[in-house]
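The form predicted on its own is given below as one chain in structure tokens.
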């Protein structure tokens, strides 16, 4: 849905986008380099010279502590602050939903503009009704000064403090490397003790945010036979759909509590519901985490079926850890995002892909999945899968994997961490 700025105003009308911008955001890990911040500051200096500020909240997240310190030293930070920007700590920040939106009283449709690299529904603030339009740092500054999505800095005027009209000029060329070099952060790394054998980590047993991480159980050596399907994910299913961020991140140190968000954003191909599926024990439609907890109580392992590029997005391991914690045995997809595939392997979940992608269509809601001959799992050897249908019929299919010998040991030991602990 990319478009030049010249077409955006027409789309605001034809697509019924919300024209007033509620917040403008620059930074996080993307579009937040020294060069990016310098271009943004170039436009900020133009606005400052005309005596105007951003018409809406403008939040800036430097890409690193090194970038933050360097733009503070070289003046870009002051230029941005002078037009009303708030400079945040260098972290994921609003990109991953780590911010408050007090101006949203309800879940009303609203527009934000950002330089982030992801803008699917619910990504940046947990509200699927928030529309996120992505642009360059200088374009986001311009839109913050204009205050509306329909503002086109190439042809539209701004009003200076003295009432005169002016247009923004393109940003001045910005260096990739500052003339004085980058600031070197100091005092931000705390080295571990020389001898940690006698160190006791004390955790409040009543804490809602911290929980001791216990090792996952090793594989019992048995095939996974007749296990139920938790979800057949439809379309895009990113790490944020599997383990949403935002307010949930306050629980990232407590695996049990965090697991309540498992698959909360996944679209279920069986019913088109978001975050809900059929509980084969009760027959009810319930949240995936609630179903998984009941399966776990009954010592039932289960499987996730995924679409193309399942698990794309961040490197967040929670998207693999929470399914593993609640009993996921395998993830079977048309294709897997590379980093998430590795994370699944590290947590002891079988990461598998259909040899024939069309086999995805054979999976029905009440099917049971069997993964066989796992004791003889080898690199480049396909895994045999039996799909048992409710009517008694069966389909035998083959599944691919990319495990090497060391990664197969991760699976057998229950996780990569278990392997390391035993060495």
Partner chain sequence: MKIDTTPELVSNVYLKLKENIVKYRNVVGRPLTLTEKILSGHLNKIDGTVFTGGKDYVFLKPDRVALQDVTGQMVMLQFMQAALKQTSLPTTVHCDHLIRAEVQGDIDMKVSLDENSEVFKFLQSACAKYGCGFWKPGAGIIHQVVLENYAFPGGLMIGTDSHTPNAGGLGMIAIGVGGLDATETMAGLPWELLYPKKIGVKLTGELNGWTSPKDIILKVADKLTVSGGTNAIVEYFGSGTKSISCTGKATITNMGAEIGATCSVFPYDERMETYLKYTNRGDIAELANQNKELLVADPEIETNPEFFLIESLKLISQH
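All values reported here derive from a predicted model rather than from experimental measurement. Numbering follows the first chain given and starts at 1.
Beyond what is shown, the protein has a form predicted in complex with the partner chain; the following relates to that form.
This chain lacks the partner; the member of 82, 176, 297, 108 within 4.5 angstroms of the partner chain in the model of the complex by a non-hydrogen atom is 176. Only one of the listed residues (338, 128, 165, 273) places a non-hydrogen atom within 4.5 angstroms of the partner chain in the model of the complex, and that residue is 338. Residues placing heavy atoms within 4.5 Å of the partner chain in the model of the complex fall in a single listed stretch, namely 100 to 108, out of 299 to 307, 100 to 108, 224 to 232, 285 to 293.
Proximity to the partner chain in the model of the complex holds for none of 15, 42 and 161, with the criterion being a heavy atom within 4.5 Å. Though the partner is left out of this view, residue 365 does not reach within 4.5 Å of the partner chain in the model of the complex, counting heavy atoms only. Looking at residue 153, you'd find a heavy atom of it within 4.5 angstroms of the partner chain in the model of the complex. Of the heavy atoms in residue 123, some are within 4.5 Å of the partner chain in the model of the complex. Shown alone here, residue 220 lies farther than 4.5 Å from the partner chain in the model of the complex, counting heavy atoms only. Residues 28, 29, 30, 31, 32, 33, 35, 36, 39, 43 of 22 to 45 are found to place at least one heavy atom within 4.5 Å of the partner chain in the model of the complex.
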